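In structure tokens, the next block holds one chain alone, the form predicted alone.
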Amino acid sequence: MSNTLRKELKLCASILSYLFIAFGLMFFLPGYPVLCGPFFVCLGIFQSFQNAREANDLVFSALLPISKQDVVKGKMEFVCFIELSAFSVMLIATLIRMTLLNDAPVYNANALMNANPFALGMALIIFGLFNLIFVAGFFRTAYKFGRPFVSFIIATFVIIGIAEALHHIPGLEALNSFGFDNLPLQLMLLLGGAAIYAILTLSAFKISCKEFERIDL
């Protein structure tokens, strides 16, 4: 664990960032858009950025014997730590639904998106969008975060709406497979979501470093 990440975890993180990891358990909810879980996880991370801004954390960090890139790296590592912790909760919930709860009537009759690898891939895409839209947007000013977060909200619920609608289109029913049906396709979709997450996060990091370097704190 890097020193900058340790600083973020101990000094900057809002308790809500940790508590909201539990929203990954929303993948257990039937008859509810499970992709709202990743959104609430991001809302918890947003609270940490708000706390850090009010405490002038970036000014404090800039006074440390580290580069501006290290400051951005610490923030991004913290964001990814929370996101991947929540993703682990979602993964466990999905595996339980696919195995132990495979025959549960409440899930078999679910009209909304099932908890499956495709849903996990979409969750990673939402996390990637948060990193690109909000985190990179925040570092454009290192102070203002309202507009980037509103933009992220709009993008997220467009993605949720599309994801929930896709499996109702004839020929795309496999996207909402339950249990181990269409598992090869589902795993490919999960890997695709993971690749998009990695690309969006790396892009967000590079943009954030570039934007933060030009700011005179």
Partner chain sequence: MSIVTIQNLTKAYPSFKLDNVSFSLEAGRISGFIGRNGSGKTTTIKSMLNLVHPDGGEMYYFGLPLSGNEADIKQRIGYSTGTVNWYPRKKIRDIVQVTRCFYDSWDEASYRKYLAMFGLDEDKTPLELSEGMKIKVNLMLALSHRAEVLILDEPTSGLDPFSRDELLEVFSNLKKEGVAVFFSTHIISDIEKCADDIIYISKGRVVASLSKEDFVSRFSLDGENLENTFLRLERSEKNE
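Residue numbers count along the first chain shown, from 1. Model, not experiment: these values are computed from the prediction.
The form predicted in complex with its partner chain exists for this protein as well; it is not shown, and the discussion that follows is about that form.
- Partner proximity in the predicted complex, defined as non-hydrogen atoms within 4.5 angstroms of its partner chain, places exactly one of 180-188, 157-165, 66-74, 35-43 at the interface: 66-74.
- With the partner removed from view, the residue among 150, 62, 29, 174 that has a non-hydrogen atom within 4.5 Å of its partner chain in the predicted complex turns out to be 62.
- Using a 4.5 angstroms limit between non-hydrogen atoms, residue 202 is distant from its partner chain in the predicted complex.
- Among residues of the shown chain, residue 11 is one whose heavy atoms approach its partner chain to within 4.5 Å in the predicted complex.
- Under a 4.5 angstroms non-hydrogen atom cutoff, its partner chain in the predicted complex has residue 55 among its neighbouring residues.
- For the stretch 183-214, the set of residues having any non-hydrogen atom within 4.5 angstroms of its partner chain in the predicted complex comprises 213, 214, in sequence order.
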